[in-house]
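In structure tokens, the next block holds one chain alone, the form predicted on its own.
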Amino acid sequence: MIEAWQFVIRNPEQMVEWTLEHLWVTFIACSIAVILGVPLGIYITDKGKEQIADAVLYLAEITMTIPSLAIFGFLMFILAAIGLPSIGFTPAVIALIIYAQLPILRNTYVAIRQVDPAMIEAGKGMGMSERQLLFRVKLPLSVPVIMAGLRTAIVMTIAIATIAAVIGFGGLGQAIWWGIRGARMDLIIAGGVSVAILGLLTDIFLSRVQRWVTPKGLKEM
């Protein structure tokens, strides 16, 4: 543990660079996952789309059971075949998007479905259109659950991004990978502890964001 701390003290610029890379790939992957997952989660909540919802959620759950190394390897093969970068940032981002989908998609679906029908009927009684119901009733009431899914996705992505060092991406996983290759326990501990701290601090920050974006009426419930 002392050796790991000494490595961090001797290499602050390297640790900052790895941390920023880790945060950047997490931000990109989760941003795209939100853009894809939230609209899809809303879409499958419509009546008559129960079978589509079951299929989409089942597929998302299946992807979570696939080992991350297998996903990375598969993406490297596919990207190389179509002429895109097969190592580094590109396959890392795509793999992380895939893994981040389930908590975002599932929480969006569950949140919208669990909105009190009485609130929806009240909105209809006021003459709201389906679009207005979505943006003025359903989504505001769903914010806490959707944000909980986003928090889970981001923290999970921070952890899985560590493995991306195996396919040439940097980040804090680089320290762990170098430590394994060189039998350097100090690097392994420095990288592992840094990822854990980063995940914890991110979750604390997101919990405050979640409370800030939650409508005042829901906070008091």
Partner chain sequence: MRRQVVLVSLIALCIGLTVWVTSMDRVGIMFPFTWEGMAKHAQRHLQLVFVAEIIAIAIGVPLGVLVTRPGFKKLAIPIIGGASAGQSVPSMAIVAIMVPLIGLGFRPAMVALIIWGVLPILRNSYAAINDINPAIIEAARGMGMTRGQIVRKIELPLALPVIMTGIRVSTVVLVGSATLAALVAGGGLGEIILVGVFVGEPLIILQGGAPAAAMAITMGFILERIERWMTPRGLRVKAEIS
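Because the structure is a prediction, the values reported are computed rather than measured. Residue numbers count along the first chain shown, from 1. In this text, rigid core is short for the largest set of C-alphas that superpose within 1.5 Å between two forms.
The same protein also exists as the form predicted in complex with its partner chain; that form is not shown, yet it is the one meant from here on.
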Notebook entry, point to check: So, 39, 119 and 142: all three within 4.5 Å of its partner chain in the predicted complex by heavy atoms, or not?
Noted result: no
Can any non-hydrogen atom of residue 23 be found within 4.5 angstroms of its partner chain in the predicted complex?
no
Does its partner chain get within 4.5 angstroms of any non-hydrogen atom of residue 181 in the predicted complex?
yes
Is it the case that residue 59, even though its partner is missing from this view, gets within 4.5 Å of its partner chain in the predicted complex, heavy atoms only? yes
State yes or no: in the predicted complex, is some non-hydrogen atom of residue 135 no more than 4.5 angstroms from a non-hydrogen atom of its partner chain? no
Partner contact check in the predicted complex: of 121 to 129, 67 to 75, 88 to 96, 102 to 110, the stretch with a heavy atom within 4.5 Å of its partner chain is 67 to 75
Contacts from 170 to 196 to its partner chain in the predicted complex (any heavy atom within 4.5 Å), listed N to C, are 173, 176, 177, 180, 181, 185, 188, 189, 192, 193, 195, 196
### Task
State yes or no: after fitting on the rigid core, is the Cα displacement of residue 25 between this form and the one not shown at least 2 Å?
no
#### Entry: C-alpha of residue 14 off by 2 Å or more between this form and the one not shown on rigid core
no
